[in-house]
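What follows is one chain in structure tokens, specifically the form predicted alone.
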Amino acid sequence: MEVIVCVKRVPMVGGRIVLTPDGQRIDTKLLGFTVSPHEECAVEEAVRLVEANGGAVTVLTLGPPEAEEQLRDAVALGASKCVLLETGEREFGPIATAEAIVAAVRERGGYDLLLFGNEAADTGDFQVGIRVAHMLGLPVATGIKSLEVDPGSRRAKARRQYRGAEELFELPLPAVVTVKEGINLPRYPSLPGRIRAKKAAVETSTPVWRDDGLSKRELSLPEVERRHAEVLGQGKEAVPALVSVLESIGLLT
């Protein structure tokens, strides 16, 4: 069984977000990079399917040369091959991204299952997996939380939760599936996996960029409520002010 998983290099955003002076990008000088939790689960699901049925997992990303780090992370978890579609300074929108992935899939061919995270962790796009399926003429199921594959019958069963009910999709293979965090619990990389990842060859190519007709004006950050602390005083001189505060919030009557 041949499975390809598409992942995206995104900034780790555990703290305050800062934009570049021109408002075009997130300033990543002090941030690390990772892939989204959805995509981590997609890699784990692919590895489990191949462990159960045989075959190989290819992980693919579209991004700068530094995205090799995320590909090697996936190899450490059990992926066999990794492909980098190097973008350089170009910013690929969802249409151009889908076209680049489709070209790479057609060039390599033979995949039984194409897995994506349900949405991009940085932009929130839900488009790429669906666009890839449409361009390839393949069935697609999105938001999946449970996946079963029967290589013998060449069919997959995909389940998702929607408004309190479970939906079941039966798909002929090959198919495209976008998974959500929680479909599984991703494993930690083993020491042999890390060693294998360091030695892994990364297949690199340059995809064709096409203007999708969209342009970015600028990014903006949401308004954040600013809070401040006020020192009421020191020692017994602060007691009247403290009592007043406690009365104002209803703790004293």
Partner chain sequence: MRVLLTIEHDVDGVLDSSLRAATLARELSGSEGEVVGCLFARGPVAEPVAEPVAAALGEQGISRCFTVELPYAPVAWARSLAAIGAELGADAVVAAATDRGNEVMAHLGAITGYPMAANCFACEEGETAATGVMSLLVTRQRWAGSLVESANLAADRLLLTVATDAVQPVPSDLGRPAELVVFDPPLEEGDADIVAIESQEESGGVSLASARVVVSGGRGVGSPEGFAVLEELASLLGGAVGVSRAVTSLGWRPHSEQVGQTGTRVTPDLYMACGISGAIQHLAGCQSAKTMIAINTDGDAPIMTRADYAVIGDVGEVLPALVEAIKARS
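Positions refer to the first chain, counted from 1. All figures in this text were calculated on a predicted structure; none of them were measured in a lab. Superpose the two forms; the largest set of C-alphas matching within 1.5 Å is the rigid core.
Just so you know, the form predicted in complex with the partner chain exists too; it's not on screen, but the next bit is about it.
Of the residues given (Ala96, Leu77, Val140, Ala104), Val140 alone sits with a heavy atom within 4.5 Å of the partner chain in the model of the complex. Segments offered: 31 to 39, 200 to 208, 48 to 56, 62 to 70. Contacting the partner chain in the model of the complex at heavy atom distances within 4.5 Å is 31 to 39. Although the partner is absent here, Pro192 sits far enough away that none of its heavy atoms falls within 4.5 Å of the partner chain in the model of the complex.
Contact annotation for Lys145: at least one heavy atom lies within 4.5 Å of the partner chain in the model of the complex.
In the model of the complex, the partner chain sits within 4.5 Å of a heavy atom belonging to Arg131. The partner chain in the model of the complex is not approached by Val83, whose heavy atoms all lie more than 4.5 angstroms from it. Using a 4.5 Å cut-off on any heavy atom, the residues of 185 to 199 that reach the partner chain in the model of the complex are, in sequence order, Leu185, Tyr188. Core-superposed comparison between this form and the one not shown: CA of Pro240 displaced by 2 Å or more.
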